[in-house]
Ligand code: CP
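Just the one chain here, the form predicted alone, laid out as C-alpha cells.
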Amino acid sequence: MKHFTSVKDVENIDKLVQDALELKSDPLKYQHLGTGKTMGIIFLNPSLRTRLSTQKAARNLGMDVMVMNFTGEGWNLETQDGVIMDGGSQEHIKEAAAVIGQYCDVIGIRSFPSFESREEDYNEKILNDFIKYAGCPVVSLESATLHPLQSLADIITIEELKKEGKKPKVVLSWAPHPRRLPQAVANSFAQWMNEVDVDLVITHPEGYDLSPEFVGHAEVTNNQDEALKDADFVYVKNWSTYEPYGEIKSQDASWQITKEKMDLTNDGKFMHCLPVRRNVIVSDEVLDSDSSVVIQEAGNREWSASAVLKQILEQ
C-alpha cells in the first residue's frame, strides 16, 4: 500500500482487517517496522478520535510523531494554482507539502470540504496535492468526500460483533442535525460496505441521495422504519445534500434514532462515528444502552490506523 485514501487503495480488505485484529491483541508486535521513522500528522480541521488514535497507532509501530494544526499553528495555505499571493495566504500548498515530506516518512492529512463548489470538493485538491508534492506515503485522516480510517474501524467492529454464519443486514440512516455536514462519512461507509459481504440498505429523506459512485449496489429507501426491520447494524449519520450541493433540506426530528426505532431491528447494534449530538441524532436511551457500540467502534480507530500504517511501512 503506497497511499491510503479510500478502499480502492486496499489490495485485500480481509487481510487488512485481520492485521488490525492481530495488532489489537498484540499492539507492539510490529514495533520494529517504524523504528527511526517519523509520521507527520497535519490537521486543517478539528479532531479528537482521529488525532489520538493515529498518534497511538504510529507510536505502537515504533514511529516518532509530529502533529501540527494548520488552522492555528501554520501559515495560511494557498491551494489554487497560478494566483498572485498578495492576500491573506502566506504559503502555497506546493511548498508546504514538499517541506513536510522532507521531515516525514509518512504524512497523515485531514481536511473538510469548503462547500463552495462540489466539483472542487470532490476533486480532493488538498489531499491530492499532498500526494503529488510530499514525496512520501500519504494517509487520509478524512477528506472532503471520504473518511477511510473510520470506515475500516466500522468494518472491524462489525467483524467482531456479527452473528456467525449469518450475512448481516447493515443500514446506513440519515438523521437530523442543526448544521450542514459533509457526505464524507456516509460516502465512505457505503463505499466500504459495497466491498464486503453484507446486505446494505441506505435510508434518508427525499432529496438526500448520495453520489451514485458511492451508493453502489445498496438498496435505497425513503422509509426509515421499513429499512430498519431486521437490521443487525444501524449506522447513523447526518449529511447535507449532494444535489443541490451542501444544503439542509430537512431537520425532521422523526428521523432521530429512538428505542422504538431500534426495536424494529434484529437486536441491532447502534453505530456512529462520533461526536454525536444527543437527543438530536440519537436518544439518550439508545446511546446509553447495551445496543450502542460507539465506544468499541471508536476504540477500533487505533487498530484501523495501526493496520494501515503497518502495511505502508512493510512496503
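Given the structure is predicted, the values throughout are model-derived calculations rather than measurements. Counting begins at 1, following the sequence as shown.
Although it is not shown, the form predicted in complex with the ligand is what the next lines describe.
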| query | finding |
| --- | --- |
| The unique member of 183, 191, 111, 150 whose heavy atoms fall within 4.5 Å of the ligand in the model of the complex | 150 |
| Answer option from 273, 42, 61, 257, heavy atom within 4.5 Å of the ligand in the model of the complex | 273 |
| The ligand contact in the model of the complex: residue 48, any heavy atom under 4.5 Å | yes |
| Listed range touching the ligand, judged in the model of the complex by heavy atoms within 4.5 Å, from 207-215, 97-105, 164-172, 142-150 | 142-150 |
| In the model of the complex, residues of 283-315 near the ligand [heavy atom within 4.5 Å] | 301 |
